[in-house]
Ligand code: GAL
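Given next, in structure tokens, is a single chain: the form predicted alone.
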């Protein structure tokens, strides 16, 4: 090859190499395309799995949201109503439950908060029955149904709002039944009239002043005894505010003042009755022949133990399980826009109230009360 031709060939080769280096790599680009497309493909696949993962939250969101308050969690009887409500709402509603700590102002604030959280119904155990009007006004402004339970608003308050109901008892009934237990036990035990004067000297532990149950139990228990032809003398009547500690403190003071002149202890509820029993035991009662009859209301488990032990004459079953159930039934129905009694066996009276019946409990029928807590 001539020198001239060699130079030309070399130049062509160098130029070709330079051109190849500068040109785009087509095959590489073709391989890159599927790799870049993989990300959108994966993203597109993701939504197909989302509905399965979102099923549980969607199911929860479908449950009605119900806001509830208990006047105070550490009330003996209300703790059983609360348990019944929590159990009854489980899996059926999103329950927002508040302890109002016996403070009406706090309860009002709790209602405001629950409304702001979008509840579809309210279930309210009032701190003070006089506080009903303020809560009804809040519910009415929000267009929410409200079910009061255990502490009854006035008939006027109940009539002021068409989306307002009550679950509780007929207060007079508990007093009448307690009175009948007193009558039967007094007549069956003549020795309880310790001074033999034919008169029952009694002390009475009253619940919260102004509370419908406290007022009715106080009135009708004594009235039933008198109507049965038994003469009575009231030695003491003071409020123990439903509390066992206060019940004990009052009984301590009364024993110091009256001693064995007291012939019967009547308590508006079992908590105060249990407090009185603790006081009496500290003074040697319920041992040997030293005895003092005590009667309560509610028939809570601790009281049933005392009935079996012979330190509590009897009580009146305040059906916590069914009060809780009725509250749940009504609240769920109205939260979903149904008739409050839809699918239930409850009935409403003239003031839109479901009345759960009481039952007098003594050793003779104590198993009925025990079964109600199972």
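Residue numbers count along the first chain shown, from 1. Computed from a prediction, not measured in an experiment: that's the story for all the values here.
Another form exists, predicted in complex with the named molecule; not displayed. Remarks below refer to it.
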| query | finding |
| --- | --- |
| Heavy atom contact within 4.5 Å of the named molecule in the predicted bound form, the stretch among 154-162, 180-188, 208-216, 108-116 | 208-216 |
| Three-residue site 75, 150 and 318 fully in contact with the named molecule in the predicted bound form at 4.5 Å by heavy atom | yes |
| Position in contact with the named molecule when the complex is considered in the predicted bound form, options 71, 264, 80, 254, heavy atoms within 4.5 Å | 71 |
| Residues in 281-298 with any heavy atom within 4.5 Å of the named molecule in the predicted bound form | 298 |
